[in-house]
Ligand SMILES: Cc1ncc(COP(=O)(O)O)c(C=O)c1O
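One chain is shown next in structure tokens, namely the form predicted on its own.
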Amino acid sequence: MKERLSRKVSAIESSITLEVSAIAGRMRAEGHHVIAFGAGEPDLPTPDVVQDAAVQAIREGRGRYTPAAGIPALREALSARFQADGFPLPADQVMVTAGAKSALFLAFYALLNEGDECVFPAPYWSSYTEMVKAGGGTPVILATSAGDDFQPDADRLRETLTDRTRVLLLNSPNNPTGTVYSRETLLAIAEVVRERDLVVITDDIYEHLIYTDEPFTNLLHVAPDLADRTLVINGLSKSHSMTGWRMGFAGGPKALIQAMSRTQSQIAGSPPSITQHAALAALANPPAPDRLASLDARRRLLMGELAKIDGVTCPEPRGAFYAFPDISAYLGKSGVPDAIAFTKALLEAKLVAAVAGDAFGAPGHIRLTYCTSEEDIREGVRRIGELLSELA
């Protein structure tokens, strides 16, 4: 059967973060104390008001098909949410999806023809490359550097664009680095977009996870004139701990939203109905401040523990819930040539699950999520340092 598979599906790799999480889960089931720095999933509970709304929807028999773009009440609520964020999007320019990941795939499917290019900065979320390929496009990487806080450079962006570039994808706060794009960076990028016939997709899933006084800033906040070719994607997975509920949404040009909705109607029919009713409660109850405070405390703890390891550098993550340390000084020693081999050894020898930076377009790094207990953060970093010392 393998030879009967299509070229497009054969070119797609599986999600490395889900693979790492699955391995860690199996090892836990076998009785091992595995410290999980792998999956980007909050360990904080889904708010009670959201759970109660879901139960009520089930009891009221609301588990039926909905319109492909989502129930009208939720689209209106999402329109109000976008308006509050500074994006004047009416309900008919908003749609609900089965997670932000589905919204991204639908957007690529709607925008890319065979060979069309989608440009995005590295380090990048590992699924971007595979979803662009699945949508028929070609992923093109825009290099950034830790020395520049992983901020994408406008001049380098100009050099990266070609006649086949159709889409620019931005993700801030960023997965895997935790970088938050500055207003100056976005202003410079907006100038490049104006020069070219590009559609911009902004992945804002970590909007509510910024640990400094700087406000969340989307490209449209600095360049509202680009609204007619910018798609904003978001969801409730990170802000309300609803990862498995699959609740995403998108807002943008009407023709694009309609195309994505038509496609969703054929792929999934509609987003999960119970989740949509629960989402109404989530939107009416913004994330509690103590959620951010809890993650911030772990962020500072993780950075403090990493700073104790000689030869490991890590720019401060100001958003999301990841740190992206550079361990390249230790690689190439004792049979561990790269970060992929290191993370494999780390899991097997030290029972710590992390993801190699290679999956995010940044060899020599590892991604650590601090969505775990403070005790596990201390012990996990200690084990990482122990393995690095053994290599040295």
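Because the structure is a prediction, the values reported are computed rather than measured. Numbers for residues come from their place in the sequence shown, where the first is 1.
The same protein also exists as the form predicted together with the named molecule; that form is not shown, yet it is the one meant from here on.
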Please determine, with the chain shown alone, which of 210-218, 106-114, 288-296, 171-179 has non-hydrogen atoms within 4.5 Å of the named molecule in the predicted complex.
171-179
Between R229, K133, R81, K101, only one gets a heavy atom within 4.5 angstroms of the named molecule in the predicted complex; which residue is that?
K101
Can you pick out, from Y206, F150, F87, F120, the residue that has a heavy atom within 4.5 Å of the named molecule in the predicted complex?
Y206
Examine R246 and determine whether its closest non-hydrogen atom to the named molecule in the predicted complex is within 4.5 angstroms.
yes
Any of the heavy atoms of S237 lying within 4.5 Å of the named molecule in the predicted complex?
yes
For 112-148: residues with a non-hydrogen atom within 4.5 angstroms of the named molecule in the predicted complex?
W125, Y128
